[in-house]
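The chain that follows stands alone, in the form predicted alone, written as structure tokens.
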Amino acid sequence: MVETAIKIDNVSFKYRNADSFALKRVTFEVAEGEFILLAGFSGSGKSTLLKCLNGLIPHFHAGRFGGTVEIFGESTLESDTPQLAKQVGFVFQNPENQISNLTVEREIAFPLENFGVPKNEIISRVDELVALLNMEEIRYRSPYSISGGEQQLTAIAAALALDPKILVLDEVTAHLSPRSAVHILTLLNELNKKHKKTIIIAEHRLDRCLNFADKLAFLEKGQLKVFGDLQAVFQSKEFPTNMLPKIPSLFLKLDKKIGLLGDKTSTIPLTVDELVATLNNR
């Protein structure tokens, strides 16, 4: 039987001194091993919702919090952030916001050192992650001298250091080149499928993630408008058609569609019917 990894029940949050709630009565569940795409326009509450999953809200961000968030049955209100860090790895949009060490290797080791893990175990875990993520070439380099994609890879490795069951990522491909974005998302897909990590990723470029996601949650002005499998969401009246992805080179295999449209494929948006048909043929 598949276990519930995340249970969000009637969650609302208003930042201190804010005029309105960033989240309004959000409720949904995520099963262990699912890959969830969190979508919404700027200011919809995506980052706020993600911060509820690892206890940053309400433990570090002052404001008015209501409802409950449970991680494998444990309430985030009753668990401190170090406890939650063992269950939920968090990766920010800008990796420089969480990188603080002189080498990539030290950055990966840092969470383990904070938890007092023995040195031999730290070395073994760093070796494992470097091999898993193919980071040998940058292992001993400064994280400030590598590319944005490599910095994001370093942040992901550090988030995985404690071997959390859940990995939460906040628009991690936003500032990356298309090649780096594909590399990161392919890696996340492998972590999900081969290593059974539950993945929740907020993205503004839906086309980059649709081929990996099991379900999609759409937020608008702090409210969860629709949540479910991709076909159901895209067919819902609650999902805005202007969020439908355009046909890009990074999207799914649309050979037949591309052949029909020729050079216009970069600007013509998919209709709901076209997108659902494509998803059915993944």
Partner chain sequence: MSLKILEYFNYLEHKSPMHYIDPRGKTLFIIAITCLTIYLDQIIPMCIILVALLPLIYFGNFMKRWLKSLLFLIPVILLVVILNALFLKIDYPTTIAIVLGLRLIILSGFFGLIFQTVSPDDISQTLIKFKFPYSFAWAISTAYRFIPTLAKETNIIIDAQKSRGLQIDRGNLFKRVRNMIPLLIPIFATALRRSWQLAEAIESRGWNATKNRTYLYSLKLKWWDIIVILLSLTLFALFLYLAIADVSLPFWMVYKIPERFELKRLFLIAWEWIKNLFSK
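Numbering follows the first chain given and starts at 1. The model shown is predicted, which means the values in this text are computed figures rather than measured ones.
What follows is about the form predicted together with its partner chain, which we do not show.
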query	finding
Contact check for K7, F21 and P58 against its partner chain in the predicted complex, heavy atom at 4.5 Å	no
Close approach of I71 to its partner chain in the predicted complex, 4.5 Å, heavy atom	no
Distance check, F212 to its partner chain in the predicted complex, heavy atom within 4.5 Å	no
Close approach of M135 to its partner chain in the predicted complex, 4.5 Å, heavy atom	no
is_contact(L191, its partner chain) in the predicted complex, heavy atom dist at most 4.5 Å	no
In the predicted complex, the residue from A202, L129, I99, I184 that sits within 4.5 Å of its partner chain by heavy atoms	I99
Interface stretch in the predicted complex with its partner chain - options 28-36, 63-71, 46-54, 225-233, non-hydrogen atom within 4.5 Å	46-54
